[in-house]
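First comes one chain, alone, set out as structure tokens in the form predicted on its own.
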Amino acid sequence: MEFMAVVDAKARGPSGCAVIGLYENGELGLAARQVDKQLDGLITNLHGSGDFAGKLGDTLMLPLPAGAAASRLLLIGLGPRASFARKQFRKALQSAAQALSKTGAGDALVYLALEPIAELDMQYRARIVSEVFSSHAYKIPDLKTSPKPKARPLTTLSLATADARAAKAAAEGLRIGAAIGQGMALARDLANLPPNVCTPVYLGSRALQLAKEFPSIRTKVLDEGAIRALKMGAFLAVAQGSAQPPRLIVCEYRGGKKNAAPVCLVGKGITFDSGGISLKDPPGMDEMKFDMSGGAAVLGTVRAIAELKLPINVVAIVAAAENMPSGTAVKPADIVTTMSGQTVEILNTDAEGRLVLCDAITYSRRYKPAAVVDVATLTGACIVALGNHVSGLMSNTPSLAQELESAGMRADDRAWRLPIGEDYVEQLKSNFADIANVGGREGGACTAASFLGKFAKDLLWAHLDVAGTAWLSGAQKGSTGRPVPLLVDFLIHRT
């Protein structure tokens, strides 16, 4: 979809659909007042007669006469004027995208960003517009043999702005939002694919494609022999029960100064998690194809920043493996030696994410990183603590944690900080190794992060547990693409 910012809508000629907002009390926005005047008070009459109440998310499509600025008019309910803020703005845009998808309009002109929204400048308003419409246009890569529905005709979306200065800011916001949308689409595609297609080898091939598409990206994919040479014993222990070979995927984006330290994004890439010998309960096990969502997100983030040509160096590291039960699978009570040299007693083979991540975090040290952020669908305990609304955030560096929290707020992709530290490490004591990979039910998200913290000493490090936010269950089952928006915003503000 093409996005553009316009000042004089009339100069562009008629559009397929004009999108304007109406508040619940009948108050018309700037564009709505102009259109209402042109239509002899039609919008005011619709509200007064009760035909359109203006409740948040309400929609009404009206045909317009020949010679009008658009062939059709889409009214969007904005709810009460006093409470119209970023959340309501996003909801109104989602309703607009849904309604437009049911029309034959090939292009649309959206006036909603003209409404005043506290704490959102024009760039961020425009960014939300392109993010929302890009997300709505996304199609799951299903393998159904039935005929596919026809592609939606909407290919161009213009955003009305008040003047040239606002249009410049909006154009930049639309560009950022579209890049984030493309990064989210890649992450969602990878996570939504079935696990017999999206294997560790397949993940590696998609990372290599990124390097072909963007000259600023250099990708290398390490096979099992190379991983063994690195002495990544924890990573290999997870992979040893599967017929699918593991891969360590490294995407280097070079947009900053040659010698500038990169930000390392480390993603958990478990392409299917059966739990191993500590087998999961069968209900919902199909959703364990989403256990590589952290890896998908960091690849999607690299794609987005390459599209934006951000002046920063970033390295994405994905530890990709399949966790399966077999005669060769790692067993509870096995002890492995990590790349760092620390030994780990594996008490639960279903706590495998921290095992692949600890070696990947150690690998990131070779880049002398400015910061390391790992992303993982790590614990069910984080879902119990925070639900499906916000991601868990843990860090050994308060300033880095604050950067990520602020990015999540700006991006509407929030993270909530949880504690880590020696109290939680105490729960991970082992009689037989340096550390155990689980520490009991209490504080499970915090002990998991504290485990990783043992391998991030002297690094500026943060951990994002996205177990509750990376995908949806039920009728809307599928990847959300989170936390790509948070990570891209974080990196933008680091430039």
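We number the residues from 1 along the sequence you see. Because the structure is predicted, anything quoted here is derived from the model rather than measured.
Unshown form predicted together with a small molecule; subsequent notes refer to it.
Only one of 349-357, 389-397, 226-234, 311-319 places residue heavy atoms within 4.5 angstroms of the small molecule in the predicted complex, namely 349-357. The small molecule is not shown here, and in the predicted complex it never comes within 4.5 Å of any heavy atom of residue 23. Within 4.5 Å of some heavy atom of the small molecule in the predicted complex lies at least one heavy atom of residue 381. In the predicted complex, residue 467 approaches the small molecule with a heavy atom inside 4.5 Å. The small molecule is not shown here, but in the predicted complex it comes within 4.5 Å of a heavy atom of residue 377. Proximity to the small molecule in the predicted complex, defined as a heavy atom within 4.5 Å, holds among 120, 409, 169, 288 only for 288. Though the small molecule is absent from this view, in the predicted complex it lies within 4.5 Å of a heavy atom of just one residue from 446, 459, 438, 32, which is 438.
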